[in-house]
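Both blocks below hold the same protein chain, though in two forms, and each is given as structure tokens: structure 1 and structure 2.
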Structure 1
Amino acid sequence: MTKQAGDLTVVGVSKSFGGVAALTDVSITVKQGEVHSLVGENGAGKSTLGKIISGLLLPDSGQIQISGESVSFRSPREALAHGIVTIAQELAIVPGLTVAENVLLGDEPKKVGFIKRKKLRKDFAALAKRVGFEFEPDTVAGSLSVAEQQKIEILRALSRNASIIIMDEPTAALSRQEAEALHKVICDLSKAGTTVILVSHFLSEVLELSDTISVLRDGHLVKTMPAAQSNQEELIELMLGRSLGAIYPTKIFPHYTAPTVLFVNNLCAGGVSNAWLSVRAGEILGVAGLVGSGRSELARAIFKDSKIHSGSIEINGVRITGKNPLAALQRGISLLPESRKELGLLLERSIKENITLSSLDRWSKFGIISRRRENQVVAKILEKVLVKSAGVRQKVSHLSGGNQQKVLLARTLMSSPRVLIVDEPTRGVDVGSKRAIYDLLTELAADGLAIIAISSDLEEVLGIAHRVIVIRGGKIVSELSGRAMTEHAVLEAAFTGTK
């Protein structure tokens, strides 16, 4: 890989998709060795800009310059030759290959066409050590969690010795520790002269790491400024065009007579042991824990998506007997899965079809879908969950990441659940929409829904939940409420398993 140092300049770039403008006349200069962040609402055009810089998309007009020289990439490979590497928002690992093979994919140490396995593992070990990620090189990538797959992508980019690395929401799926490890990596990279273009919805992260911040709104560049001269409120205002007030809505606690809706009785399932928990109507139960601690496994077990070894799940005192998600859905449990692409969406289908998928029976008679009712209910839910799109018939794969997440959230609400489990509800969602989702959850709870909210963002859990349980190694190690619900207490339980 040739290392081409120099500033990267985007000059008057515009891009539209089928008449919808994603970027309009955007000009940005990214200095060599700086960390330059792109922030903006969902659908503002951040990923599109990243894709244009890395050769995945061609701009309709405008150009990219490196050290003042105009370049044109027709493919990611050509961008790579100029030292530009992307870590995409949507992961791209090969599930059947091992971690090491994935990291060095396309760049394997070879001898007359044969891969030198020993060398491959050694190269991998050296790289992982340099970055400080702990990885078993022979694990099959498909068996890893989203967070770990994300780390594979980061390692892959680093292994290319890139001079410009574009990271599109790299920490969205990482735990706090992992995110911190990545922050250190980013700092080290920038110190060593590598340019990092960072897209993130975590404004604190952006402010802490960046040298320069560019704000996009509706495809226009609003402002580029040194990070040191900015703050969270200003960024939010520039992004949204309005101020937001508090990040979290005021909590509305359930009435003390509110009945228990969900009762999980000594549940043992894959990755979960002896879980007892209950959620009352109107209550938001937060679930905290490290990535891989069994939070999502607990959610899946309650949703009957994994084999239950013992114990039971009761809704309003009646045990759920069925053995699949359908049974859980029919009894009023709804799940927003953690990985929207793998577990949630039909990417090639329309927004409308995705939203009504799990509640289609209710909008049809004798198995025939009533188009009128389907359109009506979709329009109605989209008033609540705002999705930026070109219309309800747009393919979901053409939506920005955050908007895809909202489509999925809309689906889970369509089945009018009594218990809603949300696993990373705001992954990839912008600050403004985050607040909208929090408002929505709070509102739903106030209407009597029992909610379980799982999140790696501890602030988020503490910000919206009435009560928090902490999971470690598949066990509920602590339950905190009221004043005991502090960051410190949660972290201590998550790390040591003691209160």
Structure 2
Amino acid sequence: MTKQAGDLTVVGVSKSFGGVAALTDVSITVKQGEVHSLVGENGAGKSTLGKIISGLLLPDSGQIQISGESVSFRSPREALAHGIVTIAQELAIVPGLTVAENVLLGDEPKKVGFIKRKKLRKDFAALAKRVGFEFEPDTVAGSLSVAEQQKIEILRALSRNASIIIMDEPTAALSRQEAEALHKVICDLSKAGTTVILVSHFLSEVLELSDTISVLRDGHLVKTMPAAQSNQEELIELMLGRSLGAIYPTKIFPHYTAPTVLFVNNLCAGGVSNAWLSVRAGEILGVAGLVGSGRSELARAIFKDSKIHSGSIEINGVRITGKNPLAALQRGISLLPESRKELGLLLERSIKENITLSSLDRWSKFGIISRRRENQVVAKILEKVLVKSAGVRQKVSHLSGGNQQKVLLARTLMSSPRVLIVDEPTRGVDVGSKRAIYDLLTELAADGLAIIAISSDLEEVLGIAHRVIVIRGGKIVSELSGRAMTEHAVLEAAFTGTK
């Protein structure tokens, strides 16, 4: 039987990994029924604190109290027994099970040891309706997009009727409409007396939803304050220990005589219909649209990672005739994929191995790699992307999300591309690393690189792009530039297809 938790207090908690402090003497009180947000850069200790509260990690020192009584959780199951459930940043669905089976996993209605399928679907449908998520209960979870899989995680946590829910970046993979639906769920939970501990990089989301905000920096608690008494500028300064300035760098527009590097003519592929676009040297073309609109499908089609039915792709006026990503790479197209962990990085391999993975032929002869040359180029590219690490031999899994993204970006740049496609370039990245990535993209464009930037964050698209195209149903329905590039215009095109 799940207990109903009261106030949760973290008292003097510290935690280290391999001699490196992740948390140092952190004390926070989370009141029952409030939305309490934890903010900070990647590596600040937010997720570590959440894992300690949820039983995934044991603190080195300090204690957790619920309603004034000390508790010690050695597993998430023990935390669940006290009403604590976590929605983790990393998805934990079972791909071969249905949506309903994933949501009610471990809590399925049974009779004589067999799952009552009809009752399972009924319970799932009631929960999905209450939350406002539309799902077919018998859909195989592994066939769904990242955003839809994230919603399964949310429904699973809510099905436990927990009194404390830890949400670690719950809207990172959701569209604006889906995120707004979740915001309503969070507010309703809070009103009903459920405590929500929110970990998020979206400061506007934090300020909108939170009652209280705690800021962490380098494993230390910097400040806890009412959300109503704070703003984005203050939060950024507390997180970084300095003023960030503008979120987005000043745009450097390409010269009007800059040549067209990429030309996509009437392209039809999986999820893409009659796509036409061009990108000039030094230009950042933003791609906007709702989740499922065909943004990532367009990126994969240009990168030759999906079967092209008709149309053509040209680099500097010459058509790419190959049918796979190698042909695109050889002609100067490089892709930073949507999910760095599923589609990009080898997490248990070193920084150096990840960076040089797709370009080893450039410093090898007769199959023998020149380590000296490899080390030189890796050192040079790391200076450019500013990865913070313990050295090039460090495992990528030990890096923060922002530094992992920079490692993947470094690999894409190793091929010296003419066209760089970045799909969700700052997903799961803290505000300081976001600005570093924006600065790098702006610098690359100023050096003449043609860039396509795809993002579900509309503010991000408008903040870095010189021109924006909007995709709906696999078709480019609008192209915006100059003063016409507004949130209203993009959303109107995304929802209605109006140009």
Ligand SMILES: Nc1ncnc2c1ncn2[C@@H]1O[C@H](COP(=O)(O)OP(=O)(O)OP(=O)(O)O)[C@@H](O)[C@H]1O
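Keep in mind it's a predicted model, so treat the numbers as computed, not measured. For residue numbers, the reference is structure 1: its sequence is counted from 1. Rigid core (definition): largest C-alpha set, two forms, superposition within 1.5 Å.
Taken from the form predicted alone, structure 2 is distinct in origin from structure 1. Once both forms are fitted on their core, the CA shift for residue 161 between structures 1 and 2 remains under 2 Å.
Superposition on the rigid core between structures 1 and 2 places the CA atom of residue 210 less than 2 Å from its counterpart.
If you fit the rigid core between structures 1 and 2, you'll see the Cα of residue 291 move by less than 2 angstroms. Core-aligned Cα shift between structures 1 and 2 at residue 376: this is 3.2 Å.
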